[in-house]
Each structure stands twice: as C-alpha cells, then as structure tokens.
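We begin with a single chain expressed as structure tokens, specifically the form predicted alone.
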Amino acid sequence: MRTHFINGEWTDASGPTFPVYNPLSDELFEECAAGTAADTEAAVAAAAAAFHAWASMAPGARQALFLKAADIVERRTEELVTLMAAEGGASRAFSTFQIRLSAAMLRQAAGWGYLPQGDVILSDTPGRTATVTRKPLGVVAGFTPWNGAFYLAWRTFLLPMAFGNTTVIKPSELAPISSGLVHAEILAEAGFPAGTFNVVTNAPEGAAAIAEVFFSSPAVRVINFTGSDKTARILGERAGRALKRMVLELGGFNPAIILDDADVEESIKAVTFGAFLHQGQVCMNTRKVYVARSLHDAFVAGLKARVESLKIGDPIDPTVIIGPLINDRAVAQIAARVKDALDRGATLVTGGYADGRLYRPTIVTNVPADAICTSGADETFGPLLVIEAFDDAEEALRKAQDTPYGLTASIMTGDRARGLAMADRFDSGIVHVNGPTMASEAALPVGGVKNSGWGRSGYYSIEDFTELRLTTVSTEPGRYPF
C-alpha cells in the first residue's frame, strides 16, 4: 500500500485506501492512501514550515540536489518505464521521452538560482537607489494529471521549487504513483529537505476536500493545475473567492495546416506522431488536419498506411506504439464521437473500433461541421483525427482558429517565410512550422491562450511563481511637502 509523503516521511492516511487499476487488464495495480482534509492540512503546514530555509538556501546547494535527482531519474529508467506502462498505459517511446525531458528540466532548473533575480532602477529622488528583486511566494499547491504523468508532475512542482517555493501536490487518482509518489522517492533519495515537497493522494470522492484546504489555507499562495478547462473553471471560481493566483495548462484542439507546397511524406510523419502519441491522450495531440486539396488524396492514403502499421497492444512490449486508453469512460467517449460523425455522413478512413480498451487509431474525413469531433468546442481526448481538404489557405487558417482553445498548432510548408507569416497570425501559445503539434523541450515555454490556460513552463514560469519587491535606500535627508 502506498502512503502519503509529508514532511519528509511516508505517512499513513487518516482515512481508508482506494484502488488503482492497470488500464489494459483492469487488474488491481496498487492500493493508495485516500487522503483527507487533515492530511492536506498537515502537508501544507510542513511546506510552510520549510519555506524560509528552502528560499534562503544557497543556489549551489539547491543545484546539487536537482542534479542528483536528475541522475536518479536516469538510473531508474527501466523501472519507471514499467511503472508508466502498468499504471498509465504509456508506451516505451512515450515513457522514455518523459524521462529524458524530466532529467533535462532538472538539470536546467539547477542553474536558475545563478541567473539575475532583479534590476536596479534610476530614481528621480536625489540620493535614492531603487532595486526590484524577485522573491518566492511561499507554498505552491499543484494538481498533477494522469496523462504524461511523470513529466507533467515534475513540471508542476519543480518549477516553483527552483525559484524557492515549497510544494504540496495532489496526484491524479488514476495514476497517483507515476504522477507524484515516485517523485517523492526520488527527491527523498536525492536529499531534499523535509517539507519542501509533499504528496497527498486521494480517492475520487476525496478530491474536493483536498482542494478546499488548498484554497482556504493562507499559506498556499498559488494553485498550479494541469487538466481540463471544465475542472479549471470550477477551481478558478473558488480561487477568485480566495484571491489566489492560478497557473493553468489546459486542453487544446491543436490544428495542423498542410499547405500546397508541403512535403507530403514529412507531413504524414509529423501528423502520425502528433495525433497518436500516447493514444491521443496528450493536451498537445493533433485533433484536426486541414490539407490542401491538391495533396489531400496522397496525404490520406499515406497517413492511412502509416497509422495502420503502428503496433497495438500491451505497452510493456517495446515494439508497441498504441496502448490502452485510461478507462472505459475514455473508450466510450471516443466510440460515441466516431458514431456521431459517421451517423452524420462522415467517411471512415481507418480504425473506428476497440478491443477492450485498445482503441484503434481512427481517421475520419468529410465530417459535417455539426459533428462533435470537428467543432473545436470540446476536445476529444483519444486516438481520433479529423481531416478536411481546403482550397484557400486563408479559409483554412480561419477555420483552424474557430475554437475556444489555443494551445499549439502546426504548419507544414516548403516555404519557411510563408509558414512564419501564417504562424504570426495564429492565436495560439505555440506554433510549429514544419513540425508536429506534439513537441516539447525542457527550455521551451509551453502554455496556451484562450481556454487553454495561462502561465508558461521553463524559466519563463518565474513570472508565475515569484513576486516583485521594490526596495529603496536613501543617502540624503528626505524632502517632504509637510
């Protein structure tokens, strides 16, 4: 049974346990502690008590801890791959991608303490010197997701910790080990001080009680959430009443535009990867492709062949690319949306059925605008890709942006200047010219606009996890009007 990690110790829950299941076999994977408000209060108190010592720690000391954690991550690669396959259905390719990205982010964050943390500003007052410095906020509470669990958990707590904050995270109940508890093992082995990082797990029905402690505790200064925009709206309303900051990385509809001068083979490779990595269960997956009509038939035929060559099965098999969806509800959503599109007259290119939770990568064309999967108003979280031909690139750009989301987009073209000009007009947090929508590096600022959230990852998150402090020093007597 997995327990909470509070104040540097593994702590039994004050409540019962809850089961975590293997998404492929539906067999019991682990029992985890079902956290309560009392557990969460203890974790927040531990983080608050550890804050000042952590915030004032010399950058070299923090750097050594981050670098050691990166080494541990890499040393445990095979174990972590097995964990992510069994708990979250991640393929070896996706798991190793997360591991490499996590280690890289740890090593980059290790050096951030040496970067300039403020400015000197000239003052109009004689004899006054003004400095503006960045200061950590305090306790950051994070909600970590089940998809991309290992890397996204690091991103949730590592960024605020790198700037001197302490953290408490609530992992997803669907994958609590790979989205939080295994990180506690790594940080404990690396020697992070007690209280700097705390984990409270919860049964599905216990999430609200944990969240309420995050919002009601004065020590918690920021809520860092990765997940759906529907849940973010609920949390955002509560955060507004508590006057707490929120950092949100939410969903995306993520269009790809393939212009008439694009390389068809490169476009097929980019779209296959972008659409079907982790069975389409990543916020940056490609959801819809707009392809120039002159390339449409060749593109669809080539994409169909490539997608049908992807091996489907148990993700522990290193040759498997497509593993299971996370649960039966996810399978039902995809099945319902494919049926809706076909009932309205869409053409099924490939896929469209499941073997248990192994849903075949599915491509549909000629999808009416009123079908749920093509509207852009609601993200379909799974291996479903919509393709639409276009005659006018301006019309394709307009349609691609007719969505409340704005996370990432892709433009494939043989003319980089043309691609950059179009990218500049995209209302999206990320645009990749001649690359897939699904792309990430530790140094790059990931984040969206519109309903895809606010805030950025990487060093740019210093804006989200610190506050500015103005300090002035005067060397001459003051001059006052009275």
Ligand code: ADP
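Model, not experiment: these values are computed from the prediction. Numbers for residues come from their place in the sequence shown, where the first is 1.
From this point on, the text means the form predicted in complex with the ligand, which you will not see here.
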**Message:** Looking at 279, 286, 202, 167 here, can you tell me which has any non-hydrogen atom within 4.5 angstroms of the ligand in the predicted complex?
**Reply:** 202
**Request:** Please pick, from 405, 225, 359, 150, the one residue with any non-hydrogen atom lying within 4.5 angstroms of the ligand in the predicted complex.
**Result:** 225
**Asked** With the partner absent here, would 208, 231 and 329 each sit within 4.5 Å of the ligand in the predicted complex, counting heavy atoms only?
**Response** yes
**Prompt:** Would residue 235 count as a contact of the ligand in the predicted complex, using a 4.5 angstroms cut-off between non-hydrogen atoms?
**Reply:** yes
**Asked** Hey, in the predicted complex, is residue 178 touching the ligand, heavy atoms inside 4.5 Å?
**Response** no
**Request:** Tell me, yes or no, whether residue 388 is in contact with the ligand in the predicted complex, where a contact means a heavy atom of each within 4.5 Å.
**Result:** no
**Message:** How about residue 192 - does it come within 4.5 Å of the ligand in the predicted complex, if we only consider non-hydrogen atoms?
**Reply:** no
**Request:** Choose one stretch from 364 to 372, 167 to 175, 298 to 306, 317 to 325: the one whose residues place a heavy atom within 4.5 angstroms of the ligand in the predicted complex.
**Result:** 167 to 175
**Message:** Using a 4.5 Å cut-off on any heavy atom, which residues of 145 to 159 would contact the ligand in the predicted complex?
**Reply:** 146
